[in-house]
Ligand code: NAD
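Next up is one chain by itself, shown in structure tokens, the form predicted alone.
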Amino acid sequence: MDSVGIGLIGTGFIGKCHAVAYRSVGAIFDAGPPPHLEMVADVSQGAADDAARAFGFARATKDWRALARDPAVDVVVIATPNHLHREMALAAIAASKHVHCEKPLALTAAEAGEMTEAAEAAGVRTVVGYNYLCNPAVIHAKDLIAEGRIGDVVYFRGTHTEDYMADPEVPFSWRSARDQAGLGALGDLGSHIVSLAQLVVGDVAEVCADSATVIAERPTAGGARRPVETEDQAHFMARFAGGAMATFEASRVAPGRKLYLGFEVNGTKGSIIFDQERMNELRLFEAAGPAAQRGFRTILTGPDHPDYGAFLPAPGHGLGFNDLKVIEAYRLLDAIGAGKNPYSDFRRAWHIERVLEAVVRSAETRRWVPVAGE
């Protein structure tokens, strides 16, 4: 390819993040054939035209199907509500397009499996929008654990809590409808912390969960109130395939929490703590040296950590949320050139969906539930 044509479906907040990422990636990374913003789609032609002008796309359409089959589009980016992911991804795959899909991958694990198998059969490259996996601090935590710096992992505790739906007057939206969102806090937030656990420790094997819808009804545009169909919060115990224990929590109704996404990993020789609100820091404790001098030390990310140096030559200056999307876009483009999938591909996301499905079953049955295999 002389260049890679990008087609974006969806122009909201996350669609804009993707547009910024694909506009920037060629200036930051040597990603092989440079991407160009070829076409953008939204539900109305006016919205699509506005997005094309604002984001820098060459063309606009209100027909996402036309975008998915357009010969000038090589990568289809899906930044739409959850219930649209499956149909759009399958259409793009059928047209032999590579796919960059936002998370969660699908409404159900069965849908995620169908999408995964279709993509692999077609030989197209895929990536799912678990952008926090691209944080250099998180990658460094994974590497330290793999090197044995904290010994054998015995425990993981993870959380992702926010307050974007803590106000009972936040209107009913697709996020509250099961047929459009699939899951609530688990799909929006729990999937992120599961993705991080999967990266730094390994696959989750079984879970024991509970969940609740804290705000039972929300106002609609007509003034009536409609029952909320998805969970506001959930927590669960877990066992990893390697035997380590874990606890997870997710909430969209935690007042004061904006992006409280973090984890602590305890090992036989030390511990690691990460907090996405302080995304350029990693805290490491190693049980070595004089006891009076032991304690957590803070590591500031810098050019010695993966991908950071492409943005900045000096440590401690810090990356931001949109920079993680740039890295995510780079990983897909690099994978296309290399003829292999990046880490956070459809198959990896399918496992996350199976974990969340087990969490739902456990909360319903009030018992331990194994994560289904492939």
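Numbers follow the displayed sequence, beginning with 1. All of these numbers come straight from a predicted model, not from anything done at the bench.
The discussion below concerns the form predicted together with the named molecule, not included here.
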Which one, Phe240, Phe274, Tyr260, Tyr132, lies within 4.5 Å of the named molecule in the predicted complex by heavy atoms? Tyr132
Which residue, Leu312, Ala54, Val43, Ala66, has a heavy atom that falls within 4.5 Å of the named molecule in the predicted complex? Val43
Interface membership of Arg331, the named molecule in the predicted complex, 4.5 Å heavy atom rule: no
Do Pro168 and the named molecule come within 4.5 Å of each other in the predicted complex, heavy atoms counted? no
Counting only non-hydrogen atoms and a 4.5 angstroms cut-off, does Tyr155 reach the named molecule in the predicted complex? no
Given that the partner is absent here, does Glu286 sit within 4.5 Å of the named molecule in the predicted complex, heavy atoms only? no
Using a 4.5 Å heavy atom cut-off, indicate which stretch of 123-131, 263-271, 136-144, 291-299 touches the named molecule in the predicted complex. 123-131
Residues in 310-327 that come within 4.5 Å of the named molecule in the predicted complex by at least one heavy atom, in order, are Phe321, Lys325
